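As a starting point, one isolated chain is supplied in C-alpha cells, in the form predicted alone.
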Amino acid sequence: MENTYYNPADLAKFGNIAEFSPDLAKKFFDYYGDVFKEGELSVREKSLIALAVAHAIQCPYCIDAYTTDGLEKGASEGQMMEAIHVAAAIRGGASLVHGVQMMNKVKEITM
C-alpha cells in the first residue's frame, strides 16, 4: 500500500458502500450507470468529461478509474491530456474571476 490516505485497492470496493445503505447505493449506482450510457454524448466523450472532472475535484480514485476507462473506450493520450487542460483552465479561471470581487472590495475601501 502506498503511503497515502487513498488506498488504490479501495476503488475496487466502491460497491461496498451498499453495505451500510443498500437502497441509496442502488439508486446511486443505477443513476451512475445510466449517466454513462451512450446518449447524445458518446461513452468516450463522457469518459473524457469524467476524467477532466476527476482532476478538477482531485479525486485519485476517479483519475485512476477514468484514465483506464478512457483508454478502454479509445481515447488517446492527447485527448485525455487536452481534457485535463480544459479542467485546469476552468478551475484557474474560476479562481481568477474571483479577482473581480477582490478588486471591487479594494475600490470600495480605497475610494
Partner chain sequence: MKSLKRQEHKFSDSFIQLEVLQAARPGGGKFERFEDKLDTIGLFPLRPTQLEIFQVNVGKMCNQTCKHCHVDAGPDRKEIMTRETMQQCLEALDKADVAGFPVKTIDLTGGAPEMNPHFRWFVQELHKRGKHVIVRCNLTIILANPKYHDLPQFFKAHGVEVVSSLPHFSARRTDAQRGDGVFEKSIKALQMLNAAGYGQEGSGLQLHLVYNPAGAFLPGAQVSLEKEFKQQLKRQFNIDFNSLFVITNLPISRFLDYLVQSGNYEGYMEKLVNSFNPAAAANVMCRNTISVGWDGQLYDCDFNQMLDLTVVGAPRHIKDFDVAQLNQRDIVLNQHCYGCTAGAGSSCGGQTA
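Positions refer to the first chain, counted from 1. Note that the structure is a prediction, hence the values are computed from the model and not measured.
This protein has a second form, the form predicted in complex with its partner chain, left out of what is shown; the following refers to that one.
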Option touching its partner chain, based on a heavy atom within 4.5 Å in the predicted complex, out of Met81, Val35, Leu71, Ile57: Leu71
Partner-facing stretch of 63-71, 49-57, 82-90, 22-30, counted where any non-hydrogen atom is within 4.5 angstroms of its partner chain in the predicted complex: 63-71
Residues in 74-98 close to its partner chain in the predicted complex, defined by a heavy atom within 4.5 Å, in order: Gly74, Ala75, Ser76, Glu77, Gln79
